[in-house]
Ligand code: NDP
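One chain is shown next in structure tokens, namely the form predicted on its own.
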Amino acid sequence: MTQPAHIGLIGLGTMGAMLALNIAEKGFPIAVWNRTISVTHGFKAEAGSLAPMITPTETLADLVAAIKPPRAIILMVPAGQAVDDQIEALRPLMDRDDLIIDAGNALFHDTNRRAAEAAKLGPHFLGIGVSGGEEGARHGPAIMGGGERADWDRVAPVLNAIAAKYKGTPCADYMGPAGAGHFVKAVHNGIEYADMQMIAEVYGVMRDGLGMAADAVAQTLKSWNAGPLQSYLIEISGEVSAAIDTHSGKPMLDMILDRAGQKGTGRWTVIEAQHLAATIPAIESAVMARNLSSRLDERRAGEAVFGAAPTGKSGLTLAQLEQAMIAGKILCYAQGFALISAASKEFGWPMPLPEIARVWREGCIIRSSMLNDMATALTDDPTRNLMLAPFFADHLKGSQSALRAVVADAAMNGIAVPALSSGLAWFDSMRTARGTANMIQAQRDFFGAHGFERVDGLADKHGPWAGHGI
């Protein structure tokens, strides 16, 4: 007789299938359902030694019946209407004390709405961000939970068991109410966009500015991965740079069209930052660069009119590029954590910044050796911008000149480095006590009488233009 399942899962696409195998491997019997019945049975048939832990079901009613109450069912379906449709289909089959867990890349506003509906209609609802791709889902992702704390605690034994581990500590934690988990996951993806873009920009300088072949780029990135830049993204960038195309025998990178895709989470991050008046220019520039990459015909037309940038003209050293990447990475993460802090204040979510950094140390795409130091810095003072923490301030003092050199050299040689250059502009704005917004305030007062604050504290809020103050 098949033992009752401890948990259920809907959606046996790549991520869902890998997550289900992870759950089974950790000792939790699981019931699964997929819209295509043959996929469900095929999944069990191919599960090998884990097959006894898996109960395939052909209807949603069968799925619910196969799970030991109070039930918990994970949704691994595309974000948007598919999630709402699945919840509506499950609601009449489940008890109010049961739990639905959306583990997809949901827009956090949708998660807020679903959590509010669940509080009225049942069953309970959690929105969890899961990062790590196919490999992470199978062997240990980073997990960011949002919803009622009691609901998180109820399934935490499963989620902690399947999560990646950093020195034995699960990379899974509760982020806050309602959509907090999905919000943190969106910021994670925004940082991911910026980190990937900065690596691509430095690759562009090596390829076009220094005339380096792909194998030389690979060796450079692999050496960087042994130092302060050690991270998953640097590691895989070295691997893809070294790969050879099996069809042409040429470097794989040389055969890939430079038109990048995206699923929208980076765009969501940028849009929300604007609503929160949070400054994340490195992430904004990365999203812009992906959008621009799709305009291939226009870029080709631009090169035909203005000519290609000269190649092999850069005077930069690889040491300068490495230091520029270190600076850019710190600034990118600082912007991301500042955005989370702004959301925490706006929505009344006491999101634990140090724990977020700890969750990201393993399993997720942006895992990096720097995150442990970031967790320490945020523990010391979670209200302080990360770039001002002594450890990272010292790094920036030592690497900012290299970042300036890279941005300047790239500009002089026509190599686009939008994320690195916007990161530098943000850094310079953040380190300038008196900027130039006084000119903007004067302009606004001149054409709209909007008023301004005075440095001497006087009550006169307008300038002498248009006869005022005379």
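Counting begins at 1, following the sequence as shown. Nothing here was measured: the structure is a model prediction, and the numbers come from that model.
Note that the form predicted in complex with the ligand isn't included here; everything after this is about it.
The contact residue chosen from 310, 398, 157, 78 relative to the ligand in the predicted bound form is 78, the criterion being a non-hydrogen atom within 4.5 angstroms. Shown without its partner, this chain lists 133, 302, 264, 211 as candidates; in the predicted bound form, only 133 has a non-hydrogen atom within 4.5 angstroms of the ligand. This chain is displayed without the ligand, yet in the predicted bound form the stretch 33-41 from 418-426, 46-54, 33-41, 404-412 comes within 4.5 Å of it by heavy atoms. When contacts are judged by a 4.5 Å heavy atom cut-off, residue 15 counts as touching the ligand in the predicted bound form.
When contacts are judged by a 4.5 Å heavy atom cut-off, residue 104 counts as touching the ligand in the predicted bound form. At a distance threshold of 4.5 angstroms between non-hydrogen atoms, residue 86 is in contact with the ligand in the predicted bound form.
Contact between residue 82 and the ligand in the predicted bound form is found at the 4.5 Å heavy atom cutoff.
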